[in-house]
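Presented as structure tokens, the chain that follows is alone, the form predicted on its own.
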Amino acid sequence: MADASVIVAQVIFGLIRGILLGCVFALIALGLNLVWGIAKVVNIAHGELVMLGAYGAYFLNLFLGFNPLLTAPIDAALGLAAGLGFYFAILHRELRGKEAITLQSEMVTLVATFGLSLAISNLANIAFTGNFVGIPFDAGSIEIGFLQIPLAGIYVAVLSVVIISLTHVLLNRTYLGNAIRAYSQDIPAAKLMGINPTAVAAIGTGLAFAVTMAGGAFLTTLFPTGINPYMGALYAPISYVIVVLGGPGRMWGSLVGGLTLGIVIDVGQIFLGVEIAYAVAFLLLIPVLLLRPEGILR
């Protein structure tokens, strides 16, 4: 009975931690979902943006004493600027004047972002070295029965859901959001309605980068010693799985996919170990692609 009660307690704690982690996973995947859904760009460098967001939080904490919750808006502003620069430096040359995003354009942007991914990860390894670093941030905990739930995890989970909600409102209730959705669906029709496709695509890319880097800052509260130059190699596949699970272009789909993956990973590692739990989470792609290739919510 004692062993059974311990396992039950571990499962409940794993479930709660999986929900908290899944909300942050969803925010990170939202950035990929945006750039994929708007500009039809499969951003291979997505994981490196998560890494840069985490390092941004680390250095802001190291030199200015900011906690990860305060660094997220700064990371988002840096990500917005980086996204605009990335669009005009790399994407605009290929996408300008196109009335539809062709397979050729998708392949060109895929190769370009792959090169960017390699460049960022190797430069980060040179600049930051391969040592793991972290942010010593403890916001306390809340006790519910025999459980102690870290408040930092609750804060970032709630903020992640708020950001996803605001993004949903932006895309569905504002002129800019309608312009972004129109561009993603039919570029010629969007032009006829007076929408500037270059401005819309640039803003959408900047917004995607901003959300991703903010998510990288939030991750530092859940994994306080996991910041390293190659962390993007883990979070990029996680984001792709989440987008496929929830359906490309669907904001709430990112949350559903993120929660699914977070729970599977955290509960699964209790019985299977960390490596196998991650493998099982990634294997979720197979039945989804076979049975509902358009995503769980569609």
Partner chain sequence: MSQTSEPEPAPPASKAGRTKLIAIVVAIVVILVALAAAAIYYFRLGGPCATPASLSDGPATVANPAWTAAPVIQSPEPTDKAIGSPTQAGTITVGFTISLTGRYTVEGTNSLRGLNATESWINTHGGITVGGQTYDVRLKYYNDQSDSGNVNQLYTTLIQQDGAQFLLAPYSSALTTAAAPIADGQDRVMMSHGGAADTIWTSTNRVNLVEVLSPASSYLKGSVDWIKANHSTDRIAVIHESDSFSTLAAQSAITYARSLGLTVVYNASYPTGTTDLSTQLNAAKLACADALIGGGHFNDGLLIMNQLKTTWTPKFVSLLVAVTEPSFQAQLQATANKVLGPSQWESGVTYSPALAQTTGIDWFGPTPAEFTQLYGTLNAGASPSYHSAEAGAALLVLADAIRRANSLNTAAVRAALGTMHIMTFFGEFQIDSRGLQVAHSMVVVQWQAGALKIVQPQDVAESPVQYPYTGS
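Bear in mind the structure is a predicted one, so any value in this text is a computation, not a measurement. Numbering follows the first chain given and starts at 1.
The next section is about a form of this same protein that is not shown, the form predicted in complex with its partner chain.
Contact check for 67, 105 and 188: none of the three has a heavy atom within 4.5 Å of its partner chain in the model of the complex.
Site annotation in the model of the complex: the residue of 100, 169, 81, 162 reaching within 4.5 Å of its partner chain with a heavy atom is 81. Its partner chain in the model of the complex comes within 4.5 Å of a heavy atom belonging to residue 6. For the chain shown alone, residue 36 is not a contact residue for its partner chain in the model of the complex, no non-hydrogen atom being within 4.5 angstroms. Its partner chain in the model of the complex is approached by residue 128, whose closest heavy atom lies within 4.5 angstroms of it. Mapping the unseen interface onto this chain, residue 140 counts among the residues with a heavy atom inside 4.5 Å of its partner chain in the model of the complex. With contact defined as any non-hydrogen atom lying within 4.5 angstroms of its partner chain in the model of the complex, the contacting residues in 37-65 are 58, 59, 62, 63, given in sequence order.
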